[in-house]
Ligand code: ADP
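The data below hold one chain only, encoded as structure tokens and taken in the form predicted on its own.
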Amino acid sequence: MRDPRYDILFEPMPIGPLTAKNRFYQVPHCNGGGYGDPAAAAAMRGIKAEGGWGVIFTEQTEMHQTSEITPFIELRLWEDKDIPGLRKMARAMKTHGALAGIQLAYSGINGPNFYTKEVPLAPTALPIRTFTNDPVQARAMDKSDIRNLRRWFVNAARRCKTAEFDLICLYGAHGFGIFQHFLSRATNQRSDEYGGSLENRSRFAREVVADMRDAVGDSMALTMRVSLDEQIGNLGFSNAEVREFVEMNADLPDLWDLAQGSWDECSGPSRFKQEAAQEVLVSGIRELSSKPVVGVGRFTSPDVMARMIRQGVLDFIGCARPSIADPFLPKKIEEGRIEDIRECIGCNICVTGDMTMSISRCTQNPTFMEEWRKGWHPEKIATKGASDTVLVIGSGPAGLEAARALSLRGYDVAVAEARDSFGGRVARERLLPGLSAWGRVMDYRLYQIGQRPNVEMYPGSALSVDEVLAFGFQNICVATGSSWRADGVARQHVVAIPQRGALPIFTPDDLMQGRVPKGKVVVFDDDHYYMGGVLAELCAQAGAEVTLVTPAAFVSDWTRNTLEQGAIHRRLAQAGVKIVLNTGVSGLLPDGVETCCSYTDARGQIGCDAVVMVASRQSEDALFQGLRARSADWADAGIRSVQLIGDAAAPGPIAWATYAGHRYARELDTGVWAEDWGDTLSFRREITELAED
């Protein structure tokens, strides 16, 4: 039964001419599918409808050929040919009574138009603002261009109606939408009636909304997404001006959708942004308009959600990442199953799908974007196959997810962990600076496993090959993880870094076990994800004088894909860490390191008392290899299969490990893990087939 404290979250709420069945509002979010994998994206949204969301939106949808953001893969609504794919998504969204929304985006100064080769248009002629500093500039729109753009929005609105959407969101947030470009003095330096005063800068938004209302009548609701604060001082669209804009145009949209400044500020990871981090910026705006307000803040706690409504801060609880981690979040709150919610950990792995132009992942929810491709449902799983028992060796994220999902299928599962506690790498990494939320990966799975009578957990149980063969389990899942290398082998070095002398070398494993170096410390980061930056911060907190050296052009280079690279650099600079970029380590000396320029190989030296080597990881697969060497004994031992998964197979981010564990559990006894597997595609894909000439 639902806790009465949360009844307020399930009240029906009007949005213009429509009514949402509850206050759970899945705000637009990307997923790496876009126009390339529309069936996968549609199925993903449909699962959220089943999960109880009252409002569900698409991601950013390009509405005209003159503004597109190739190489990024978003949805497109350029012409009528785009309607069928979007209609499929709208219908999936509405299957369980949710309202279906589409976010229309004209990217303006963010649209380089690499695919269409059209000249970019913006309020003011300025360089295109993209993640990759593309050498393209926008042409300033004249009055004719503005009239055309208004007409293009009307055309797009009519197509949205034909595609059966209920709501249209006009994108003017995160610096990505044309409405923000007109509103901000940073991107609108016009001297005509569309520039200067806030009233003038608001003119375009008022005109477009009026045009679209005339076009679609009272059958659809129009929402406007604006940034709460560009955070670039008086030159930008500040929080004070946002409030003035809302008050000046109080009844303009049917709902105000409020999101903080830039995308990395709005969707900052848990290392840098707590739940409800935007509360101060959004508080009080609801009082300026009679229209409802939705805001975001990586909401994971129903208590925080209910408080935001009761205190009049928000009318709708906006969620992107939490809706990915658990599409059934509303239904679990409604059914009184709070403990079953897969809480978002704020790692931003989901964002990397968009940034790398690939199908997205979620650390907590391995079924994300696999609903159509593999037929995976986040809450349903097939019953077990022909065998009955599984021994899972290792209790890291791969092992725990495998055990959880296997138990749901009906297998009898034993989990053997060599250490005295469960959780593997997550149990250790959650103790590093800023990563405490990542512990939810372990906590959720241990709780769920604890509710299952068919799982036995055995800590302090390092196993030998003979012991595994003697136990009598039919299936062996080896998830023994990996360890960090101390020899520097990674990207710069494919063999060990030369060492002269006995300079102390520490690995991430050493630091996570409490052995933190003192004095002058060089952190050599050739991993380029979060670990190097986190360990530099840890050493600085312990009082060390830290220099971070990396061959990349950015600290924690790959975290540009998780929207945290800038925040990491700022955090390290504030901690006093000296940052040396484009520089490798060519040798270890008795009293320091020899460095080399990534481009010229020019040599230098940095004196230090110790080196923290953040290089690559080595799979701990000795037990698996030992079992394979004894494959002739499997039949007599009753063993049907032995499989290596997760970091033990190939080290990667935590999301790769949970996916591996889930896939193993789903596909056990299906023939996928046979010796001759791989002759056919393991998932469905959409592909354009050319007709025969």
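If you're wondering where the values come from, they're calculated on a predicted model, not measured in any experiment. Residue positions are given as counts along the sequence shown, with the first one as 1.
Same protein, other form: the form predicted together with the named molecule, not shown, and the subject of what follows.
In the model of the complex, the named molecule lies farther than 4.5 Å from every heavy atom of Thr187.
In the model of the complex, none of the heavy atoms of Ala259 sits within 4.5 Å of a heavy atom of the named molecule.
Although the partner is absent here, Thr116 is not a contact residue: none of its heavy atoms lies within 4.5 angstroms of the named molecule in the model of the complex. Proximity of Ser227 to the named molecule in the model of the complex falls outside the 4.5 Å heavy atom cutoff.
In summary, the region of this chain contacting the named molecule in the model of the complex, judged by heavy atoms within 4.5 Å and restricted to 449 to 457, 153 to 161, 413 to 421, 123 to 131, corresponds to 413 to 421.
Residue Ile393 is the only one of Met613, Leu535, Ile393, Leu104 with a heavy atom lying within 4.5 Å of the named molecule in the model of the complex.
Between the named molecule and the residues Gly488, Pro378, Gly481, Pro253, the one pair within 4.5 Å by heavy atoms in the model of the complex involves Gly481.
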